[in-house]
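The form predicted on its own is given below as one chain in structure tokens.
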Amino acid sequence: MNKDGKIGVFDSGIGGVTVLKEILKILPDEEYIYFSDSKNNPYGDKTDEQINCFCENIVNLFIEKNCKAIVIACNTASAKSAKHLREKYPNIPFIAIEPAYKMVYDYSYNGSTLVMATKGTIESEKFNLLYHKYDNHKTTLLPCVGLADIIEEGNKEKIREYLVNHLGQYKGKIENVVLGCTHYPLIQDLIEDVLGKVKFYNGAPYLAKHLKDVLTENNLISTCTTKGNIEFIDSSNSTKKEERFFKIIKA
């Protein structure tokens, strides 16, 4: 594996930008390719076979573009396909996001907790193993069907209406919120508007640290003089998504 290769990051849309932002904080000198699969978004309502197929196509593209490591920045893809991808591509390091539920166990075990995630993530075997291992018995699992889609659209009024309808009943009753989809940190302020003051838990900072550890262990930290470049690819060729992506990255 070439240490001066790129790092591939993919998500079902632009939500994974929240993961890439955390990665850039500790690995600013690497080159990145971000793939937004908006053509097939959302992954949460797709079959395992479909998700595996989407992920394989993206990974093959990353391999063609000389990627030395691949970040699965989509919780649904991570839950459904990470194991499959590691078996199919054993020579590539895959770093997969997962809902930060263990953090509740570590830092706020007695707190009432709401896990917000896609239906696919909540129903996945991977998440259920995590959940039952660290269950604080004060947790509500909320499949937020369609929310990632609305965030992808970027319509604040629609997002606010969705949150009021789906989260309103939990206002004042929740201490911890696990953001189990990479799109959700983009609307953290709106979630807090509906729920009141809560603690948010997001797996992205821990993924970033793990990525750096994996690159270091495999002697893959870049020595290239061209640093910090990001190539953005959207499967539906949306210039609007590209503009929004770079606006968030620079914010």
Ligand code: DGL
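Small disclaimer: the values here were computed from a predicted structure and weren't measured. Start at 1 and count along the sequence shown; that's the residue number.
The same protein has a further form, the form predicted together with this ligand, not shown here; the description that follows concerns it.
At a distance threshold of 4.5 angstroms between non-hydrogen atoms, Y43 is in contact with this ligand in the predicted bound form.
Using a 4.5 Å cutoff between non-hydrogen atoms, S36 does not count as a contact of this ligand in the predicted bound form. This ligand in the predicted bound form is not approached by V71, whose heavy atoms all lie more than 4.5 angstroms from it. The shortest heavy atom separation between A148 and this ligand in the predicted bound form is within 4.5 Å.
Here the chain stands alone, but in the predicted bound form its contact with this ligand, taken as any heavy atom within 4.5 Å, falls in 73-81 among 73-81, 126-134, 88-96, 107-115.
Residues of 1-33 placing a heavy atom within 4.5 Å of this ligand in the predicted bound form, in sequence order: D11, S12.
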